[in-house]
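Presented below, as structure tokens, is a lone chain in the form predicted on its own.
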Amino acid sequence: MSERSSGGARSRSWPSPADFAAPPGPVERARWEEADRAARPARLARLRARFADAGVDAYFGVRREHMRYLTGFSLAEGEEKVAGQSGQFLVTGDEVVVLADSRYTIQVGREAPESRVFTAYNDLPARWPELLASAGARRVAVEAGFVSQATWSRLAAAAPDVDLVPVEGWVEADRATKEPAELARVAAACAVADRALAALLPEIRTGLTEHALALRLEWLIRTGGAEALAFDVACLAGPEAALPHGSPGDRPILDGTVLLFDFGAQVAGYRSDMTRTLFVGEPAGRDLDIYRLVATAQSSAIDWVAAAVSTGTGPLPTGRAVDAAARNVIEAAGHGERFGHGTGHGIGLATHELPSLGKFAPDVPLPSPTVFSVEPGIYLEGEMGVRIEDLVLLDASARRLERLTRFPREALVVG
């Protein structure tokens, strides 16, 4: 397909689905599953290593990402709302106990065969003393940020001789550093998303609604190798693109406007996240200038990390410093107040996890190996918005910084 310039934006020579990696097959998926099984003892050992300093002899977990990471048991997005206590788990010094009712006992046996199943039917406070006695637990670390005050009070009252110790961030910190098989799955999810958007490009035309395009992109993701969406597809046109987390509606796509897609795929439990802002028809000069500014800000942030990685010496930059590298570009152009969110976030079993890249991110070096988004944006209320988001793999020991999102970043004209 020939290439034609449109005010500096490319309107032909679009990427093709064939430009990106094919979906993983059953052999690769089985290899990933085996890698997780092999990694769990080390994951549990890192968790148990924290027990002595905190003065606890067990850890009670409720987050579904932690369930999968530490035990192998998995719940679908949102399923934890109907699963009761199933999947919640207790890690002691020598065993892992997974709670399950009759709907999940077979699944636990398959996915977490090294764990002991403890039957619970949404009656945890009543079973709590028996659970702790069976595990010999007297001081229990609890994910305080994810247990309600009411539940905490009931557990404390049910076993008054057991101390509940609030902890936060233990497993999250471990999950921020990714194993090779985890990175491979994020990369595979990125390729699914890349192919899906490439397949959608020729279908975009004026008159179609945001909702129709979002639904079509979802179909392409789900039929292109993903087991699920990483999150609901955002497709926002014209003024709606100024909403960083807007939802698609029945608004038709108009000529001369921007069209923003924010979406991700899930492959073998791991997620991708990308944003592309396209131009429908001839782009306005102002809109193209905003796009170029956002692209420059993103490149500045990524180049900042790349420079640190390339030396192989000294500490890695902090998430706060990477955010500043992007934010300074936008502020210098007079749009600082139109970039309110952080520059990026970690991703893996959850769409948003550590590390954080923002103005208030912890002032500590980025972990490695890890993967995170870089997604600066500029939003003009009532007019338009631009965001460009890629996932970046960082491996300091290998002096490696790689974009996992391979879809082109240059301005593209569609429709």
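Note that the structure is predicted; figures quoted are calculated from it, not measured. Start at 1 with the first residue shown and count on from there.
Just so you know, the form predicted in complex with a further copy of the same chain exists too; it's not on screen, but the next bit is about it.
The stretch from 173 to 181, 300 to 308, 318 to 326, 99 to 107 that comes within 4.5 Å of a further copy of the same chain in the predicted complex, counting heavy atoms only, is 99 to 107. Proximity of Trp152, Glu168 and Asp232 to a further copy of the same chain in the predicted complex is complete: all three residues have a non-hydrogen atom within 4.5 angstroms.
The closest non-hydrogen atom of Glu33 lies beyond 4.5 Å of a further copy of the same chain in the predicted complex. In the predicted complex, a further copy of the same chain sits within 4.5 Å of a heavy atom of Glu79. Heavy atoms of Arg64 reach within 4.5 Å of a further copy of the same chain in the predicted complex, making it an interface residue. In the predicted complex, a further copy of the same chain sits within 4.5 Å of a heavy atom belonging to Pro244.
Distance criterion of 4.5 Å from any heavy atom to a further copy of the same chain in the predicted complex singles out His352 from the list His352, Arg37, Arg46, Lys359. Interface residue among Leu215, Ala332, Ala157, Ala133, judged by heavy atoms within 4.5 Å of a further copy of the same chain in the predicted complex: Leu215.
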